[in-house]
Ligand code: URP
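Before any questions on binding or motion, here is one chain by itself as C-alpha cells, the form predicted on its own.
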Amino acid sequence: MTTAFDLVVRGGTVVTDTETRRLDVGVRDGRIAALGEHLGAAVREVDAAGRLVMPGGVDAHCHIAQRSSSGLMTADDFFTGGVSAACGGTTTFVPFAAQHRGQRLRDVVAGYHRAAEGRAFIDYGFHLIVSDPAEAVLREDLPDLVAQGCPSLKVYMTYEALKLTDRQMLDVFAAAARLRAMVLVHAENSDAVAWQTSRLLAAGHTEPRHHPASRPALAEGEATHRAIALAGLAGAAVFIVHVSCRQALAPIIQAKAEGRRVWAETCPQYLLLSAADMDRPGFEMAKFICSPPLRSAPDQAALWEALSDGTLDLVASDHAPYRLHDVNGKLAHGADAPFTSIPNGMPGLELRLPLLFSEGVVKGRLTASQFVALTSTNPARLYGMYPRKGAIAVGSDADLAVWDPDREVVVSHAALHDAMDYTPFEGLRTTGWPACTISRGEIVWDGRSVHGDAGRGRFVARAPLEH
C-alpha cells in the first residue's frame, strides 16, 4: 500500500485562533500537506481521538544562553531550553541577542548564532537587545540584521547597565520606524525605582520580600505611558513586555482606543502568583524575584480581563533561568545578599502553556481559540513568522501540540526538563497537558520521552512589520 503522508494526526479536534473542527492533519516533508476527514495512509500515525490538536506554541520572550551585564550565564542553553519548551507544547521560541555597552550589535548576533548552532532543539529567532545605540549600530548594524531576519529589538528603561535615556529611545524608535522593526520595551521608571529602593535599604529592609515594594506599580505605569508617547513621536510600533499591573494597562488601553500601533504581553507569573507568595523563610524568597515584580490579586484579575478582551495580545514566559542554589545563579552574592543583588527572573518555558490552559481554558476565562491566539498565532503574526508558524494550514510548518485536555498534573520540578533546580509553581494542580509535540513533522515529545538530537532546530528568518 502506498503511503500518502509521512505522518497523520488522526481523529483529533483541531483548534485554531478562529475555529474548532474535527480534522485529520496530514504531514509531508515537514509541512502540513492536507487537512480533512479520513485522510489516507501514513508512515506513522498519532491517535488524537478525544484530544485537541493545536499549533505548536511560540514563546516570543525568553532568555537562552544569555550572559547578564554582571557576567552570569543563564542555566538553559538552546538544547536544554528547547527540550523544556517542546515538552510543554512549544515548538518555536525567540530569545534575545543581548548587546552590552561597547559591543557592535552585528558581533553580538554572530555570537548567538554560534551558541545555537549544533545545540538548538526547536526552531528559533532572535530579538536584539540594544543597550548602546551608537550611530554605527543604528545606521549599519540594525539595517543589516533586520534584513537577515531579526526585525525586532528590545530596549530597557531601567537597570543601570542597560537603560537608555529618552533621547536614546527616540533615536532607536526612529531607526526602527524606518526599517519597519518592532521595538519591545521593558517599562519601569528607573529613577523612581532607585529612589524607592534607597529608602527601603536605609530602613534596613533588605530581604527579598521587599523587592516588590522597591518597584512600585506607579513606576511601571508612568514608564509605559512614556514609552508609548515616545514611540508615537518617532512614528514607531511599540510592544510593552511583561505587563504586571493595572497602572500599566491603562495607557495601553488608551493607546489602542486611539488606533495606535501598540501591543503588549503578560506572563504566567503575573497571572498566577502575587507578592504574597514571597512570604517564605530565608533565601527561598529569592525564587520569586523578577522585574516587574509580583503584584496583587486585583492586578491578576485585571490581567485576566485584559487577555479576554484583547487588550493584551499574547502570553510569553519571560523564562530567565537562574538556579536557586548556585553561585552562578541566585546565590551569586551569597544567601544574605540584599534583594538588589539577587539576579532577577523565573523559569517558565515548559509550564507556560499548561498553566494558561488550566487556569484560562479549563476555568472558563479563555476560549480554546483565544488560548491558541495568545500563545501561538498572535506572536507568530506580530513577529513575522505567520503563516509558517502559528497556524494549522496547508503549507505551514507541521508544528503541532496534541493536548490531553483532561489530564491532571501536580507541578513538580522533578518532572520538568529544564536545567533549573526549582519551579515557582511547585505543587500547583493543573488540568490539561501536552500528550505529544510535533516539530516540523517530527515527534519530539510523546508524553513520556524526548526524541531528537541537539542541533535539529533551525533559525527562522522573520519578516518586518507590514506597515
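So that there is no doubt, residue numbering starts at 1 and follows the sequence shown. Just so it is clear, the model here is predicted, and its values are computed rather than measured.
There is another form of this protein, the form predicted in complex with this ligand, and it is not shown here; the text below is about that form.
Of the residues Lys287, Arg388, His210, His242, just one reaches this ligand in the predicted complex with a heavy atom at 4.5 Å or closer; this is His242. With the partner omitted from this view, the residue of Arg295, Arg246, Arg323, His186 that lies near this ligand in the predicted complex is His186 [heavy atom within 4.5 Å]. Taking the partner from the other structure, this ligand in the predicted complex has no heavy atom within 4.5 Å of any heavy atom of Ser152. Contact check for Tyr159: a non-hydrogen atom falls within 4.5 Å of this ligand in the predicted complex.
This ligand in the predicted complex is not approached by Asp76, whose heavy atoms all lie more than 4.5 angstroms from it. Proximity of Gly125 to this ligand in the predicted complex falls outside the 4.5 Å heavy atom cutoff. Here the chain stands by itself, but in the predicted complex one stretch of 438-446, 56-64, 399-407, 417-425, 56-64, has heavy atoms within 4.5 Å of this ligand. Contacts between stretch 339-368 and this ligand, counted in the predicted complex as any heavy atom lying within 4.5 Å, involve Asn344, Gly345, listed in sequence order.
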